[in-house]
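Below, in structure tokens: the form predicted on its own, a single chain.
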């Protein structure tokens, strides 16, 4: 599968010539990402007839540009309004929104855009360099290994609950209980559906996401005149181009973090069923775990924005690897792209790398061009987007509630989902006012069904023997990493308390 540098250069120039389809895809993807409830998958399904009738190069360029910028767009409302546009942007709210409240919305948006573009560039180049090896990675992750990967994501509940462990654990388990609603994945038995057919497929993610974050935050917004704290409002209104440069400088300062968290996204993207949500939570968790100042996370710390956003866009490169290498889509977006590829006569699988390697590289080159355009076109918009937070909440809240209510309806077109979103909004509001983390609840709702699915599948393989979870060498290595992820913060906290106690004693002497 060797491709010469001359061929790569030719593919790059050809991808640049597709600007006429890449730029509209980017604009549409940004809008779709901003609107909670609208996703790249739904949009691509709606536009499937269009992409089927385009030539294969133009169709793939359009779908890839839309997919990549949707990941970026989801971070915009997460930062400005604490309302993630995509599941993967939930982790971005943890530090992005506190930056906005401190009058640093422009810097936070620049961090989001630059980390997304840089992370996407890194993983696209890494994928092209190691495509044959990465193609085999998905074969090593079976049900046992996926159980541990999901447990990695669940450990973020403990990280979020660092300030109040009991409330954090209660919120996480509450979310896990909600996640069990629906039909049992093995025996097909309804659980806690209360006879409602709308819940047989489980609690839909979009209404839960919209309710816990968007609607509950809109209720909280009504308690203040503007999103930005009154003492920082003049700072927000005084934002200049120098703040954009400051955001770029911060991204450059944490460049290594952008690299390794985007590679986490790449690996998670290759794994079937994991997706950007798991990648963003893992990246955020390990960014905090390995930081010298973990206490700053959650207060508006720049690495807390960089880590999830770079991981989100790292997933986009990984998603296509199993599609090309195995002909097996890892998610809905990959499935839609598979339909388009097979419609145009592309035979997916190992032979594709032998017979048409230039086609595989051309797709990734289109992704590379998309990220370059993203950096050049979307980054300057941060200054103007950040001005939305100046608008008084009495005007913002009705607009937000109208949009998110429509978004809750749009995915399944059930009026029931609109009421469900409102119910989750009340739950989220009560949780915020009583000190419970809505993020911990959502982690349970998101990852509970995934954990149950892979856990039960592993037990069936092991004929009910739970030791099957420790039968894999790779799985055991991952279990050790999970244990370290839980123990290290506790050890670090004990060490810090010891140092503080000795300092106090020395001061008394």
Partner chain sequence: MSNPDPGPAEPSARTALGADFIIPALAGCLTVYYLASTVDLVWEAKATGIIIGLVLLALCIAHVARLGLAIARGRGSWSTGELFDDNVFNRQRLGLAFMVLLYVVTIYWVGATVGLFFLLIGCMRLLGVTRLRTLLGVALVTAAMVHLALITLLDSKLPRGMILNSISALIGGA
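Only the largest set of C-alpha atoms that superpose within 1.5 Å between the two forms is called the rigid core. What you see is a predicted model, and the numbers here were worked out from it, not measured in a lab. Numbering follows the first chain given and starts at 1.
We do not show the form predicted in complex with the partner chain, though everything after this point is about it.
Student: What is the one choice in 157, 176, 122, 148 with a heavy atom within 4.5 Å of the partner chain in the predicted complex?
Tutor: When the partner chain is considered in the predicted complex, the option within 4.5 Å is 176.
Student: Since exactly one of 167, 344, 356, 102 fits, which has a heavy atom within 4.5 Å of the partner chain in the predicted complex?
Tutor: Of the candidates 167, 344, 356, 102, 167 is the one lying within 4.5 Å of the partner chain in the predicted complex.
Student: Contact between residue 362 and the partner chain in the predicted complex at 4.5 Å, heavy atoms?
Tutor: No, residue 362 is distant from the partner.
Student: Is residue 201 close enough to touch the partner chain in the predicted complex, meaning at least one heavy atom pair within 4.5 Å?
Tutor: No, residue 201 sits far enough from the partner chain in the predicted complex that none of its heavy atoms falls within 4.5 Å.
Student: Within 4.5 Å, heavy atoms only: does residue 192 come near the partner chain in the predicted complex?
Tutor: Taking the distances in the predicted complex, the answer for residue 192 is yes, it comes within 4.5 Å of the partner chain.
Student: Though only this chain appears here, would residue 291 touch the partner chain in the predicted complex if you measure heavy atom gaps against 4.5 Å?
Tutor: Residue 291 lies outside the contact set for the partner chain.
Student: Counting only non-hydrogen atoms, choose the one of 333 to 341, 299 to 307, 251 to 259, 426 to 434 that falls within 4.5 Å of the partner chain in the predicted complex.
Tutor: Heavy atoms within 4.5 Å of the partner chain in the predicted complex occur in 426 to 434.
Student: Given a 4.5 Å distance limit between heavy atoms, list every residue of 461 to 487 close to the partner chain in the predicted complex, or none if there are none.
Tutor: If the 4.5 Å heavy-atom criterion is applied to the partner chain in the predicted complex, 461 to 487 yields only 464.
Student: Could you tell me whether the Cα atom of residue 173 shifts by at least 2 Å between the shown form and the other one after core superposition?
Tutor: Comparing forms between the shown form and the other one, the residue 173 CA shifts at least 2 Å.
Student: When you overlay the rigid core, is the Cα of residue 452 off by 2 Å or more between the shown form and the other one?
Tutor: Yes; that C-alpha moves by at least 2 Å between the shown form and the other one.
Student: Is there a C-alpha shift of 2 Å or more at residue 260 between the shown form and the other one once the rigid core is superposed?
Tutor: No; that C-alpha moves by less than 2 Å between the shown form and the other one.
Student: Answer with closer or farther for the CA-CA spacing of residue 216 and residue 106 in the predicted complex compared to the shown form; it moves by 3 Å or more.
Tutor: Farther, not closer.
Student: Distance change of 3 Å or more between the C-alpha atoms of residue 284 and residue 147 in the predicted complex: closer or farther compared with this structure?
Tutor: Farther is correct, given that in the predicted complex the C-alpha spacing of residue 284 to residue 147 is increased by at least 3 Å.
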